[in-house]
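The chain below stands alone and is given as structure tokens, in the form predicted on its own.
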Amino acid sequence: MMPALATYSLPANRLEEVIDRLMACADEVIGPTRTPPGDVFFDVIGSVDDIELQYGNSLVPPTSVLLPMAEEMFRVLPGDPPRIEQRGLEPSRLLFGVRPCDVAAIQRLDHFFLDGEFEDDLYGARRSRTMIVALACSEKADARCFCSCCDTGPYAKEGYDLQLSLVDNTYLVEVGSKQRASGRAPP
């Protein structure tokens, strides 16, 4: 377990202001949204009002952002001879409201795709341009949670850039990466 690099307090009524400022730091902001039937998905956020902070588990986990079911690797353009066009630069992403168990899942993906003898360059490019804001669980684990058996909650111990933990009417904001502690925006 790595200790937070810095810790701050944030009045809960100022969270929307902070989210607005974070949203300006990335090309895409992806966070928990609730559909009319009540399911929670991680999807692109257009405004602070789209974010769902009160949820247990999402139907589609945030790991799907980093490991999509399908992706374009390159394009073959017509011509004689045909040309190969490489993918462009990954957009910078802010993955907001990630539960501690999902932060642990992302760490396992990082280990599998980045720490071995062979590195997945597509996953690595996506991951290096993604900032993770974890949202610690403030409710007791329910039957759908696995954090207690896997020691991954109710708060993340590492693997996040920022972590928000609600205590009374104040968020404890922990900085978990040197890049964010230095004040630099995501790549």
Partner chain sequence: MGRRFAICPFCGCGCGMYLEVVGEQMFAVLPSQVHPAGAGRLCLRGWQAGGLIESNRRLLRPQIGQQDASWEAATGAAADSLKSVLQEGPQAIGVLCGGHLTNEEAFACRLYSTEALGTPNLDSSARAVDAGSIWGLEQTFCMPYRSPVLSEIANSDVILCLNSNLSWESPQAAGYIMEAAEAGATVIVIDEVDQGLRDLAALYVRHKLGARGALLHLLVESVAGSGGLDADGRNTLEQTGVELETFREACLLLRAAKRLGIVFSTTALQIPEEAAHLAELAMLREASGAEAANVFALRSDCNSVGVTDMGIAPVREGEIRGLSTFEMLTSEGHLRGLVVFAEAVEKFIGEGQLQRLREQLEFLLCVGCFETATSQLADVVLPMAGWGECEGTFTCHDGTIWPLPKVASPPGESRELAQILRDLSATQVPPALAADIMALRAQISQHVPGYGPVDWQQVTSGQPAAAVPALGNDTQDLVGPAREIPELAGTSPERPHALVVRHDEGSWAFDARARGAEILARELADQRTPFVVINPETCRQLETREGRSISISTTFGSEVLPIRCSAGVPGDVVMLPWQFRDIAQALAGPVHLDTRTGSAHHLPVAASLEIPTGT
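Owing to the predicted nature of the structure, the values given are computational and were not obtained by experimental measurement. Positions refer to the first chain, counted from 1.
We do not show the form predicted together with its partner chain, though everything after this point is about it.
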Counting only non-hydrogen atoms and a 4.5 angstroms cut-off, does Leu122 reach its partner chain in the predicted bound form?
no
Give a yes or no for Gly46: in the predicted bound form, does one of its heavy atoms lie within 4.5 Å of a heavy atom belonging to its partner chain?
no
When the contact criterion is heavy atoms within 4.5 Å, does Val60 count as touching its partner chain in the predicted bound form?
yes
Taking its partner chain as it sits in the predicted bound form, is Ser128 near enough to touch it, meaning that at least one heavy atom pair lies within 4.5 angstroms?
no
Work out which of Glu28, Asp50, Asp39, Glu158 lies within 4.5 Å of its partner chain in the predicted bound form, going by heavy atoms.
Asp39
For the chain shown here without its partner, which stretch in 52-60, 158-166, 114-122, 130-138 has non-hydrogen atoms within 4.5 angstroms of its partner chain in the predicted bound form?
52-60
